[in-house]
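Given next, in structure tokens, is a single chain: the form predicted on its own.
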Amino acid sequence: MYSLMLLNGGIGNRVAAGRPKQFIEVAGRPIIVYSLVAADAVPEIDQIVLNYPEGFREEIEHLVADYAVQTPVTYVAAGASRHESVAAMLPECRNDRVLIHESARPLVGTADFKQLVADPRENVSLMLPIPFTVAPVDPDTALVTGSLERDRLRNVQLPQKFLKADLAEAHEQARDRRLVFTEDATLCAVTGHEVHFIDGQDTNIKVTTPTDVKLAGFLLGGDDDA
């Protein structure tokens, strides 16, 4: 069985919605609801560990109740960063295997979670090939400093799955080495754990900007003007 850590603590300043972006309605539902409903339909997920921005726990609890989420939910206050939030949520997971997703990716499907669960390897992330050129630069001087081989690069997506012990040990190493990561597949890999990838879907976008809100509304079948 799996515990799902559903990251939901961001404020979403780039969306400029005046409130956390997970409450923005896309195609008639708040963004967070899509991930909750998708995960709730996976029998192997018997716990959802859900974090929340300061002052919004009650609103989150109401949404969980309103959409009749049956999987037991454990609530955890958000950390100051994504990295800190995962570290705080991990001890609340009661299973030896964990999944990580973020509510800002509302186009996740039940099939995405099931694909990860079915994979025989322990530490696995959805990722996509990068269809454009990426270059290393020096942001202070605005100089291009080299080139990267895009065939050896991937766009990291979620959800991801890990052995809880591997992820916990990776976070311990990061704390001791004063390292901070923006996601956990690279965190585990850098700290010595074997991490694999499988191909995700190009529709599994992260909602970060007002343009993303419109695109998500289109992909979900709505016509959102948010």
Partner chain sequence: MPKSILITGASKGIGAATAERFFYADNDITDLILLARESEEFEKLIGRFADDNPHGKRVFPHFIDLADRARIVGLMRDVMAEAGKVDILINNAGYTAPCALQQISFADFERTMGVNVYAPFTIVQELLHCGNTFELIVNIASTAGMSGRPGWLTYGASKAAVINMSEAIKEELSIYGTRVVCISPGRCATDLRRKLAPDEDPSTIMQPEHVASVIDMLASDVGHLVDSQNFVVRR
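As the structure is a prediction and not an experimental result, all values here were calculated from the model. Residue numbers count along the first chain shown, from 1.
Heads up, the form predicted together with its partner chain isn't pictured, but that's what we're talking about next.
> Looking in the model of the complex, any heavy atom of Val37 within 4.5 Å of its partner chain?
Within the cut-off, so yes.
> Since only the chain is shown here, I'm wondering whether Ala68 would be in contact with its partner chain in the model of the complex (any heavy atom pair within 4.5 Å).
It does: once its partner chain is placed as it appears in the model of the complex, Ala68 has a heavy atom within 4.5 Å of it.
> Under a 4.5 Å heavy atom criterion, is Val33 part of the interface with its partner chain in the model of the complex?
The answer is yes: Val33 has a heavy atom within 4.5 Å of its partner chain.
> Answer for Arg29 alone: is it within 4.5 Å of its partner chain in the model of the complex, judged on heavy atom distances?
Residue-level check for Arg29: yes, a contact with its partner chain.
> Which of these stretches, 159-167, 59-67, 44-52, 182-190, has heavy atoms within 4.5 Å of its partner chain in the model of the complex?
That would be stretch 59-67.
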